[in-house]
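Quick setup: one chain, the form predicted on its own, written in structure tokens, and binding and motion questions come after.
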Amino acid sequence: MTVRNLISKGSDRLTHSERKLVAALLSDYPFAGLLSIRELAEVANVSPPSVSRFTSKIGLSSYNEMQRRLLEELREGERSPVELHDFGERIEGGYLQGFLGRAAEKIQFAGDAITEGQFHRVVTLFTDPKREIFALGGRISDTIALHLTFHLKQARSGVLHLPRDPEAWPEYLLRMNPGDVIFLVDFRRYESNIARLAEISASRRVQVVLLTDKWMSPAKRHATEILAVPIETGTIWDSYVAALATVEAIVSCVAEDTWRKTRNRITEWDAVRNLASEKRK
């Protein structure tokens, strides 16, 4: 369990001073927790003994243990496939069934990690016709952003996928208006360009929806909504099956909530697609 999860689990029992400490920790997570006790206490405007009591209240033996865990979270966020293989848990018996079983667990865990309230807030953003939707992912995870835009375009207009090359971004950034939405996907071995895009978008008062893992992309600092899904399977590759299932749930719910408009758009979409296909023959 991450330190963030421990904080969330014990949040109901925290005092006013401890809530100030939580705000300081989460505003620059995990780096704020790597400060000395005195430095963190000054940032949160609490006493050093309050920091010690807080770590005990969330189930840690000491502030040093919290820092050790935070450092391990940072290392986990940078693990390469070679490291994942070396430290992974081998699948015994039938590989296909074993792998599918682990993938199914990740989907279930995603359902526990993302609340229905948070899910519907994201859906509401995507169904608002006044908002344009932009999307981009990382080197591999961009396939998930593409999957979202492919389906969302058939439900509504104003959906754009950004090119991977930052040199092409100004055209899209200049098009963004306050209240628009950018959907970013970034998993461990995070990409600095994604965090930078989140920062620029947020500065233009664009709503940033981030799909990431439990260690959380640095883009989280600028996100309005963070959807953290499990990706680790104990094998050489992380699995994006839970992320893809989450995206498919979002686009399906958007279509259901706007079904009359979606049905008309799909009908028109297919008619134009068929016409274009006939022209090529």
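Keep in mind the model is a prediction, meaning the values are calculated, not measured. Residue numbers run from 1 along the displayed sequence.
FYI, the form predicted in complex with the DNA isn't displayed, but the following is about it.
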message: Each of H16, R38 and N64 within 4.5 Å of the DNA in the predicted bound form, by any heavy atom, yes or no?
response: yes
Candidate from R164, R75, R205, R196 lying within 4.5 Å of the DNA in the predicted bound form - any heavy atom: R205
- prompt: Would S27 sit within 4.5 Å of the DNA in the predicted bound form, counting heavy atoms only?
  reply: no
message: When the contact criterion is heavy atoms within 4.5 Å, does S252 count as touching the DNA in the predicted bound form?
response: no
message: Can you work out whether S50 and the DNA are in contact in the predicted bound form, taking contact to mean some heavy atom pair no more than 4.5 Å apart?
response: yes
field: Contact of I231 with the DNA in the predicted bound form (heavy atom, 4.5 Å)
entry: no
